[in-house]
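Only one chain is given next, in structure tokens, and it is the form predicted on its own.
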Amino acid sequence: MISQFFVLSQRGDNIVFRDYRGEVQKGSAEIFFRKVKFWKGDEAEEAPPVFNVDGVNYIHVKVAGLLFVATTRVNVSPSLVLELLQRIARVIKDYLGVLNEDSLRKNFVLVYELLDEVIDFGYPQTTSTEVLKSYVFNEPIMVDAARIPPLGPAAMFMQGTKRMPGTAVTKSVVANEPGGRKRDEIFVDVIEKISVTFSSSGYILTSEVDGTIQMKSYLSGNPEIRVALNEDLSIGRSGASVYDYRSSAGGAVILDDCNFHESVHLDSFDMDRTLTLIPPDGEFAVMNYRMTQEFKPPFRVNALIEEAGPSKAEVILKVRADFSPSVTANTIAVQMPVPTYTTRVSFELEPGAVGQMTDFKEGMKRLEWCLKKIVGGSEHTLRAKLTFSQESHGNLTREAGPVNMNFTIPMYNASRLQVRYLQIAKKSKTYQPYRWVRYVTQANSYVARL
């Protein structure tokens, strides 16, 4: 039984991440990479395939220059998990043809569907390519290892004539008929999960947006719906590198790739970026997309730790909200691991701080700073004084951190993808259904290195 599965590049970039059980902290990929990069064993120069950090077992294999990693808190058979990781890599290679970082990024929808079928709630189900053919219906985007051809706008995202979804995909929530008259309404949610890694000097090392347009329909009669997106929306980079962080001309929205629900018709998508569909009852994902184009992160995180005398150190954490003052983020949590020989921590909040809480989790050797809300344009600072049980003889920046941040920002999206209008075919002149379009941005992996 595993808790998480993720694939890292040689630089530590998080290419694929799936949390099956929620038992291990979200910053585990960064902790793993730091441990492997700065491994100091008795005689070994490289980290072993299995090791434990703070009660979490990390099991990994290296395939084609990529790190396939599983985490768990329980005592599982290491050989079983190592074999599972090798088989997952083999299955992905069978589907993609070429196993490398580029093919994984271009086929992220297919890879996640495969993972949903191979592992269910942390338990392996099947790793047979033949068996998986009956359940996985996304078509792979073939990648030439020598030269990557330019990607067309929308044709490559169609799933052909196959219409049966994978069995492990989350089922739609069917609308229940209330006791009284049913209220005709439709909800469209643009949900984005962003991953950003800051260097110790504050520069952005990696940035990525994983987004989905969720629709929950309670419309009677299944009328046709037209969803219009940005007119300047562009899909694919015309063969450009996924790491070419050039600002897009004219502020256009450039998505690396996307995938549509089987009910979506793309007849007019290339011309006016309009999706036409007849929504089924309940909740479903109209469109999934991914963007690595450079974007302005909503928060800037700066962290500093320095010695303040024998057996003492001081930590300064700064969080600045780089979005409009009309937008407010809520449920913000900042976490930072401290050296294992830390015995006591005293916190100092800024004057007039309201709705902030601090805590030192001694068992986990971690600082926690929770803020109820942050208004756009504001900056908040926390100072913490650490007391050690021994003098620090090493580099404090190696023994502490990284800083991990979680947050939710309603009515904000980092990619600037917008729903221009939501049109519902009228059955009669008196038919006036309610329309709701909402935006929300959440942190997937928001990390600042020391």
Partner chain sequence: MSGHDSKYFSTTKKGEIPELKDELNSQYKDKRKDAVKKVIAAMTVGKDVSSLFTDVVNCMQTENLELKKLVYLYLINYAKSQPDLAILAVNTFVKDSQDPNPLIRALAVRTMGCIRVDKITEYLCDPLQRCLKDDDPYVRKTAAICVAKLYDINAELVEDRGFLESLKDLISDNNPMVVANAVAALAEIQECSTAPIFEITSHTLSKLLTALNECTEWGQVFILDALSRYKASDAREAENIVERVTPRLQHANCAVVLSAVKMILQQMELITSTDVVRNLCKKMAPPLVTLLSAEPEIQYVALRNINLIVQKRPTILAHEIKVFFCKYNDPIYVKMEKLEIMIKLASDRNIDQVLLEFKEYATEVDVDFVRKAVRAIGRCAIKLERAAERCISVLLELIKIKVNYVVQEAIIVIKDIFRRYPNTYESIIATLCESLDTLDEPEAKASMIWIIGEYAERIDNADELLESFLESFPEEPALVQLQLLTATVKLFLKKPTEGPQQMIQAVLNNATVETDNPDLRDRAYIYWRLLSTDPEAAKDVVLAEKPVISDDSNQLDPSLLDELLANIATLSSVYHKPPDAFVSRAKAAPRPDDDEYPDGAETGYSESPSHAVDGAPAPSSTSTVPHTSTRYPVPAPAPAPSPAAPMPDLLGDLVGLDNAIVPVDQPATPPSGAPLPVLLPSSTGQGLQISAQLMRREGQIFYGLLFENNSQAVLDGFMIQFNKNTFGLAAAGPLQVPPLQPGASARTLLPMVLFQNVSPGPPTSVLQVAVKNNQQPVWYFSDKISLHVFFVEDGRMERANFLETWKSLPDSNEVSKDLTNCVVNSIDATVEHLAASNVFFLAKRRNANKEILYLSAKIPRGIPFLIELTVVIGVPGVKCAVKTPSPELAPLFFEAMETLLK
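Keep in mind that what you see is a predicted model, and the values were worked out from it rather than measured. Only the largest set of C-alpha atoms that superpose within 1.5 Å between the two forms is called the rigid core. Numbering follows the first chain given and starts at 1.
There is another form of this protein, the form predicted in complex with its partner chain, and it is not shown here; the text below is about that form.
Residues within 4.5 angstroms of its partner chain in the predicted bound form, judged by any non-hydrogen atom, belong to 54-62 and to none of the other stretches in 378-386, 420-428, 407-415, 54-62.
For the candidate set Pro124, Pro339, Pro223, Pro280, a heavy atom within 4.5 Å of its partner chain in the predicted bound form is found for exactly one residue, namely Pro124. Checked against its partner chain in the predicted bound form, the candidates Leu80, Leu304, Ala308, Met357 yield a single residue with a heavy atom inside 4.5 Å, and that residue is Leu80. In the predicted bound form, its partner chain sits within 4.5 Å of a heavy atom belonging to Ser195.
Within 4.5 Å of any heavy atom of its partner chain in the predicted bound form lies no heavy atom of Glu391. When its partner chain is considered in the predicted bound form, Arg21 lines it closely, a heavy atom lying within 4.5 Å. A residue is said to contact a partner when one of its heavy atoms sits within 4.5 Å of a partner heavy atom; Leu8 fails this definition for its partner chain in the predicted bound form, lying far away. Annotation for 203-222: interface residues with its partner chain in the predicted bound form are Leu205, Thr206, Glu208, Asp210 [heavy atom within 4.5 Å]. Superposition of the core reveals a Cα shift of 2 Å or more for Ser79 between this form and the one not shown. Core-aligned CA deviation for Val56 between this form and the one not shown: 2 Å or greater. Comparing the forms between this form and the one not shown on their rigid core, the Cα displacement of Glu113 reaches 2 Å or more.
In comparison with the shown form, the Cα-Cα distance of Val136 and Lys216 decreases by at least 3 angstroms in the predicted bound form. By 3 Å or more, the C-alpha separation between Asp189 and Val16 grows in the predicted bound form relative to the form shown here.
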